[in-house]
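Only one chain is shown below, in structure tokens, and it's the form predicted alone.
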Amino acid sequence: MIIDCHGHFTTAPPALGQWRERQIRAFEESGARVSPDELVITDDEIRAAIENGQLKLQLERGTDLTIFSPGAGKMAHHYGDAQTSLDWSQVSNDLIARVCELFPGRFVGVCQLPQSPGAGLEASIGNSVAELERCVEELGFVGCLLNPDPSDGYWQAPPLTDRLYYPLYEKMVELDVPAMIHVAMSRNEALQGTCAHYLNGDTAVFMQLCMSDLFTDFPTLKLILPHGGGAVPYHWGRYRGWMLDQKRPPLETMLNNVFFDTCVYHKRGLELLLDVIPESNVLFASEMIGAVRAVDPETGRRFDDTRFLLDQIPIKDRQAVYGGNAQRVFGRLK
């Protein structure tokens, strides 16, 4: 089984975005709320969005299952207040659950968390714990997206290793679900989203983990760094050297808890990832119909067709990378 561990509902019916626009505008203009009941999306609209998008590419590329979450950039946690984020997360997660119900065996859910920046962050972690539990136990989801920068481009939150996040990690361990560390949009003009903010987020969080004892407190916690881990594999020696300088545990101990996906859109980059990071810590992913949608003129294939690239690379345990590792990291897939 080939499992794509990184998919977003980027082709959601337009009504979702229109509801979100009304929600943001109402709160900014008067503090009013827009009821989730005002969002109407039919099953036929969902089928059309999936059959002409993610499912079409699944069939073309020969993948079996996509671990599916709301659009990451659209999480946009800086808008509104904690209730705004909670309503938006629940609406988005309920839509993912409907996709999974309509296409059983093809999609399984990962939830957006209702995080908020600034003074609302701590309270929003409590909301995130409750929403994670709802999505896992009631909707059958297998993980969550965790945004290390709810300010969306200004990095005003404490590191993910801060004890403020511990209630969430306790619930993740209890439920046996991992988090994919994924920033949302960037509203900072100096930090473009796709190629700066996303990759910076992956890199920054890895260093937060290196500087902490988080995995001493949570030895079974599992975190996934998307986009190949940003700069991490390329600078593995820098991290190893820093850990030695600081008399920290060997860098390799991080690999008990940290995993990397294959959303790297060129062959040489994937070769580097698989050369530096053990195959047991690499999960197949494409983020198809995501941040990069163009066709590579050198290959004639879409940049996000990572299976096409990986098929050209020698891999000792291809089944582990293509699916077995995902089944181990996402314990509830079993």
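Keep in mind that this is a model prediction, so the values were computed, not measured. Heads up: residue numbers just count along the shown sequence, starting at 1.
Unshown form predicted together with a further copy of the same chain; subsequent notes refer to it.
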query: Heavy atom within 4.5 Å of a further copy of the same chain in the predicted complex - residue from E189, D213, E174, E137; finding: E189
query: Residue (of S92, N200, N127, N147) lying close to a further copy of the same chain in the predicted complex, criterion heavy atoms within 4.5 Å; finding: N200
query: A15, S30 and E133 all contacting a further copy of the same chain in the predicted complex, non-hydrogen atom within 4.5 Å; finding: no
query: a further copy of the same chain contact at N257 in the predicted complex, heavy atom, 4.5 Å; finding: no
query: Q156: touches a further copy of the same chain in the predicted complex, heavy atom cutoff 4.5 angstroms; finding: yes
query: a further copy of the same chain contact in the predicted complex: D275, any heavy atom under 4.5 Å; finding: yes
query: Touches a further copy of the same chain in the predicted complex: W242 (any heavy atom, 4.5 Å); finding: yes
query: Contact stretch among 76-84, 260-268, 139-147, 109-117 - heavy atom within 4.5 Å of a further copy of the same chain in the predicted complex; finding: 260-268
query: Those residues of 280-296 which, in the predicted complex, come within 4.5 Å of a further copy of the same chain by heavy atom; finding: E287, A291, V292, R293, A294, V295, D296
